[in-house]
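First, one chain by itself: the form predicted on its own, in structure tokens.
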Amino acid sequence: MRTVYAISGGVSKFTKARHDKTFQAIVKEAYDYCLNDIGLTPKQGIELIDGSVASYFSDHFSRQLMCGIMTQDYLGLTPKPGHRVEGGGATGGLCFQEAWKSVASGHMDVCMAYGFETMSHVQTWKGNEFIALASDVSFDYPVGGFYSGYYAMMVVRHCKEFGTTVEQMANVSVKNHINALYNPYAQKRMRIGIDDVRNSPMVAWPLTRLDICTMSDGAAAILFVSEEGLNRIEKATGTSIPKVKVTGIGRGTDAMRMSDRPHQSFDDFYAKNSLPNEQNEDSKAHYRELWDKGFRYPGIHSFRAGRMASRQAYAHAGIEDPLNDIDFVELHDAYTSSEIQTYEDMGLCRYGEGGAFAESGKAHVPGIDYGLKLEHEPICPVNPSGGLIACGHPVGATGLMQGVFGIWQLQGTIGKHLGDDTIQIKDPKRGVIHSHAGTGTYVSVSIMEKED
């Protein structure tokens, strides 16, 4: 595999509705931003880009099949190669990795990844129905399989198993909404407190409206290059581009129906699912105690696909202590509860400790007043962009949006792009993006590093 760099990214404003433009034109906003940021004209882009990967979740929202080729044509990239990726909520993250593969394999030297969703064309109840089609329509969907119900069930079990509280969930919402105050591309930029989260309308107990992301319209784009592709672009623009190297990718899967997921033994968990930072006697004793109390893995409180995607990506990138080896994470927080669950899957803390981690301060951005009593200084900020909860969730764009913010963080250009450097992590060396589908059926984890 060849070295691959993610050198530029662009996003459109994520918002409730963009009735002023077609989906192709919204993608072009992100695409143009991506090119302009490195000094490429549209004509140069057409000449230098070898092909593309398109990312969108549902044909239903646009009532149009083959949106990818329509966008390819709109961007002027025909007759070059391109294909569409779809994988539920993980669609954007999978697109990131497919574009990486196109360059790493030698098939392309310059590959454009772009993604979008225009979810405002239908009412919210209908949008939820379309999203629910990503559950098993023969088994789960007929008995009320809307996703807020699934995630409510999962977090109730997390609370039962580990003592997680609704206030700990609310900490996630407060953190992410306040981070988004400094991100003009975010949909929901609000200063809120714990009481605001708990007093907002109940959707599926214990999840309130402020525990859940919103449907959105938006687009994102990232340009991936090989060494040869980078040289071509720098020659065309006469500039030196800060290098962000993709050093690891991982994917995991699990059964669509949660009832089909196995219960692994303690020994199987350690052999197949544990992370390098858990290979110590203290962690083994912690997990042995959980199993002795009746804990089963993965159950419905954990995302085994997220653990396996993390494990694979960490192995590729040489990460052995995620909390201290990673400088920031942009993860898939469709629900506050899923952010807490994902802390544990990614090894930022052990299973059972996600609630305490959420309120500890370790996942917050330094220098921001959250109005919370945080015991610890930040170590690894999670969702400094505001995450899905505050930015919005135009599904096909979301994983790529995470990648764009990862690139900007590692290039040290958050202030340039947002007009404010409050959420710029100081001198980051390594960042991780995490994209998640269904109830943890597809998960992708990708690792990027700054290269001097």
Partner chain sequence: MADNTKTTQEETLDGTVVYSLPFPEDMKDLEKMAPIVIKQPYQINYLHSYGQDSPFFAGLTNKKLLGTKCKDCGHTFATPKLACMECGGDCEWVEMPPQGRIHTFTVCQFGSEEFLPECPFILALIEFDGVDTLFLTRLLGLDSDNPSMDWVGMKVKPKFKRLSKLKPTDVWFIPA
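All of these numbers come straight from a predicted model, not from anything done at the bench. Positions refer to the first chain, counted from 1.
Separately, the form predicted together with the partner chain exists; it is not shown, and the next lines address it.
K.L.:
Let me know the one among Gly371, Pro79, Pro142, Gly238 whose heavy atoms come within 4.5 Å of the partner chain in the model of the complex, would you?
P.N.:
In short, Pro142.
K.L.:
Heavy atom within 4.5 Å of the partner chain in the model of the complex: which of Ile379, Met153, Met190, Ala315?
P.N.:
In short, Met153.
K.L.:
Picking from 440-448, 18-26, 427-435, 5-13, which part of the chain touches the partner chain in the model of the complex when contact means heavy atoms within 4.5 Å?
P.N.:
After filtering at 4.5 Å, what remains is 18-26.
K.L.:
How about Val203: is it within 4.5 Å of the partner chain in the model of the complex, going by heavy atoms?
P.N.:
Within the cut-off, so yes.
K.L.:
Hey, in the model of the complex, does Glu129 get a heavy atom within 4.5 angstroms of the partner chain?
P.N.:
Yes, Glu129 is a contact residue.
K.L.:
At the 4.5 Å heavy atom threshold, is Lys43 in contact with the partner chain in the model of the complex?
P.N.:
Contact with the partner chain, no.
K.L.:
Answer with yes or no whether Gly361 is in contact with the partner chain in the model of the complex, where contact means some heavy atom within 4.5 Å.
P.N.:
So Gly361 does not count as contacting the partner chain.
K.L.:
Is the partner chain close enough to Asp267, Ala285 and Arg288 in the model of the complex that each of the three has a heavy atom within 4.5 Å of it?
P.N.:
No, the whole trio is out of contact, none within 4.5 Å by any heavy atom.
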